[in-house]
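Just one chain follows, in the form predicted on its own, and it is written as structure tokens.
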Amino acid sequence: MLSPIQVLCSDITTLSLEPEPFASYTEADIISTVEFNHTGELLATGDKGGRVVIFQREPESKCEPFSQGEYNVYSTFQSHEPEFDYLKSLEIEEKINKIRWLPQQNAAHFLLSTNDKTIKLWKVSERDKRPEGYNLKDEEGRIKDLSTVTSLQVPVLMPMDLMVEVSPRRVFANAHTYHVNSISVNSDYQTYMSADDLRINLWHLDITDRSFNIVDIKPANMEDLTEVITAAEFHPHHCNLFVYSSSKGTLRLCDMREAALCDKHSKLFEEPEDPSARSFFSEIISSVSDVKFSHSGRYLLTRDYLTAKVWDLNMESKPLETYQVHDYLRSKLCSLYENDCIFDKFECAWNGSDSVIMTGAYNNFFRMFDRNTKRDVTLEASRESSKPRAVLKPRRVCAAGGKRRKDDISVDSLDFTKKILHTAWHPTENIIAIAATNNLYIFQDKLNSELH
């Protein structure tokens, strides 16, 4: 049994879902969120143009035994359109901020998608039969002249080409004054929450005209505002617990059994700041951009600008583990502040067994850390290194002034316009999805079957 990080170092293969090489793209084509469903058979992406693309995993065939794991386009639909708030004279972007799947209850799939203001529930279903032999309609659907109907027949269902239908089932609107940054489905599968910069609302999936405000950090005077909510997520097993992160680098665990308004947290996770390391950028780089519960529910994974941290729910004083994602950028913070890259919001992900974590970086690099062996690896998602079935080679960045080995990349030659902000890990297998600008890369290890 190899550890996942060893497999992902040496035996990742690429499943290309990109357009033609070097095809031009627009701002609307940039992928803004990636999410596997609960079985991993479907993968959804959202982009800045308000579109959702769903990929489906192909079943393994006898003639092509290695085709298992390949994802092909299943359905594409327009989720959100650009809007204009006439009351505030503000344009509302169509960009999809987050997608969350609901656990499958029947043949259909359901997912939530949100832009800055409006959350929508979509139903994705298949149809491969159509009714024929109506008594009162002809083949083209026109009503027949009743005088011509001389006999009755029983309509029958006839096979047809498979058609995937996507339809909006609910629209949850007008509940957020500020930009929605997170949505999270509760483990009771009846409610979900949505978070913006200052408030978190609790919704019932069947009720669109009201929600309950469960967190409100807006001060009476906005000049007293010192922090904003950056991410929020429900506990995977306890429907009363949720966590939210802030721009000050803190995590607050709340229990909805304690009060209707969870302004008072149950636990506060915060790492004391080292006064000797304080600088102008300290508060910016300590802002938490993403928080994820482990599958077991015991740990929290957070990402700030330079590090990924694992917290134990039973230890509030400091993180259990801290991983340096790109510490070589510390000397570059001034230029990263000037070009606004310091405000980039990187996401993070757990593997299915909570033993490996993954997060993105610049130059189309992404990082993996094995929690057991403490090994880490830097890999690249790019057209050149990602030919189908190609093996990814570990990359290494050489800090300014450091010793350079062969194939090392200097920190000065990193491309900060190529950034991997959005990543997702298959819930049970070593399959990962990486969004790099307008391209979606799916990597799968060759020894998948041995690991699971």
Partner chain sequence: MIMKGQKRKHPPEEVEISDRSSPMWESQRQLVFSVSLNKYHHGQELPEPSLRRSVLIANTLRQVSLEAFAAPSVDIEVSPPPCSSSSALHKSVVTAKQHPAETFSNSHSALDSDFSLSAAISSILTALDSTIDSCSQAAPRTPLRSLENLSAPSDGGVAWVKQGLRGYGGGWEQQEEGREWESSTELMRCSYLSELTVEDLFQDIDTSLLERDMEVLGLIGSGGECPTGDDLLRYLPPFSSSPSHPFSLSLNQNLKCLPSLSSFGPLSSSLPSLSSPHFSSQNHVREGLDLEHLMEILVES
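Numbering follows the first chain given and starts at 1. Please read these numbers as outputs of a predicted model, since none were measured by experiment.
The next section is about a form of this same protein that is not shown, the form predicted together with the partner chain.
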| query | finding |
| --- | --- |
| Partner-facing stretch of 312-320, 104-112, 172-180, 143-151, counted where any non-hydrogen atom is within 4.5 angstroms of the partner chain in the predicted complex | 172-180 |
| Proximity to the partner chain in the predicted complex, single hit among 265, 123, 298, 345 (heavy atom within 4.5 Å) | 345 |
| Listed residue (73, 260, 163, 158) with a non-hydrogen atom within 4.5 angstroms of the partner chain in the predicted complex | 260 |
| 197, 227 and 330 each touching the partner chain in the predicted complex (heavy atom, 4.5 Å) | yes |
| 4.5 Å heavy atom contact, residue 78 to the partner chain in the predicted complex | no |
| 4.5 angstroms heavy atom contact with the partner chain in the predicted complex for residue 410 | yes |
| Residue 280: touches the partner chain in the predicted complex, heavy atom cutoff 4.5 angstroms | yes |
| 4.5 Å heavy atom contact, residue 284 and the partner chain in the predicted complex | yes |
| Residues within 4.5 Å of the partner chain in the predicted complex, restricted to 231-251 and counted by heavy atom | 247, 248 |
